[in-house]
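Okay, here we've got a single chain as structure tokens, the form predicted alone, with questions on binding and movement later.
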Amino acid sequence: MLTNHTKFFGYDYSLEQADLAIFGAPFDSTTSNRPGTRFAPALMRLDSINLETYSPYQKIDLTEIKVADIGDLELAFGNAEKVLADIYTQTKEILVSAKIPIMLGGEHLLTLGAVRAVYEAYPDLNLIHLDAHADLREEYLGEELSHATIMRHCCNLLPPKTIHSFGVRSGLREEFEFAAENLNFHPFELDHMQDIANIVRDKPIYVTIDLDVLDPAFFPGTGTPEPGGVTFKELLDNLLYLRNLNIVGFDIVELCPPEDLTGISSAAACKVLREMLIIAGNAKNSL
């Protein structure tokens, strides 16, 4: 069930009218450090009112992109399996409507529900993953479904070397070794994003952006801050390499509003969303 909401950027397109569809997934029950990402979709909607719709980076206005904001899912806190099933169902419904699904978390585990649906629709899917953490553990504190295991689940789902991981600077030795063997792995920075974009140009792409890929100096509002990250400009410059790719879905996760009362982090999250909406929407219109 979807709840009532203030719409992102004032969008009032229906799902039938739109090319892209946003839904919120306010869930953070497996968070191991600082909870609060469940509040991110609501705050981003509120803060989007103050963000210009025009992107001077891409010279395109959001008013040129048809986006529906269909609300937040009502999720069962404490039941990760059911939450993932609800996200799978919502993502599949959007895909069946021939729209691009966009999920706003919430914690990073939620990506698994969306990727399951998108991979079912696109068996040659490639996944571009931006994150501070490897998230490749098989279990964390005895739980197989955790924000710390999300990418391991994706690896078990997608073929080897179809996951392209950037910015990771934290994890177990075993995670880094597994990533080097099974992923296209580019730790610490976003270098080679352009090279990967050229490699996957003919493939359907899902993009998952864990905002803690940003250095906490620029993005303090996350539950697991990890020093040594990229700047906002580095993130934006590299996201622009994704233009003209066949993006069939994306998510933005791990904004934790209680950890940054200044609003800087929410503003950054909204700006990432604006640029990704333009990237995905413009590419869809050009196909």
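Just count from 1 along the sequence shown to find any residue number. Since the structure is predicted, the reported quantities are computational estimates derived from the model, not experimental observations.
The protein also exists as the form predicted in complex with a further copy of the same chain; that form is not presented, and the subsequent description refers to it.
Shown alone here, residue 122 lies farther than 4.5 Å from a further copy of the same chain in the predicted bound form, counting heavy atoms only. Using a 4.5 angstroms threshold between heavy atoms, residue 217 counts as touching a further copy of the same chain in the predicted bound form.
Within 4.5 Å of any heavy atom of a further copy of the same chain in the predicted bound form lies no heavy atom of residue 66.
For residue 204, no non-hydrogen atom is located within 4.5 Å of a further copy of the same chain in the predicted bound form, even though that partner is not displayed. The candidate site formed by 233, 261 and 271 is fully in contact with a further copy of the same chain in the predicted bound form, as each residue has a non-hydrogen atom within 4.5 angstroms of it. Checked against a further copy of the same chain in the predicted bound form, the candidates 89, 194, 97, 79 yield a single residue with a heavy atom inside 4.5 Å, and that residue is 79. Using a 4.5 Å cut-off on any heavy atom, the residues of 45 to 59 that reach a further copy of the same chain in the predicted bound form are, in sequence order, 45, 46, 50, 51, 52, 54, 56, 57, 59.
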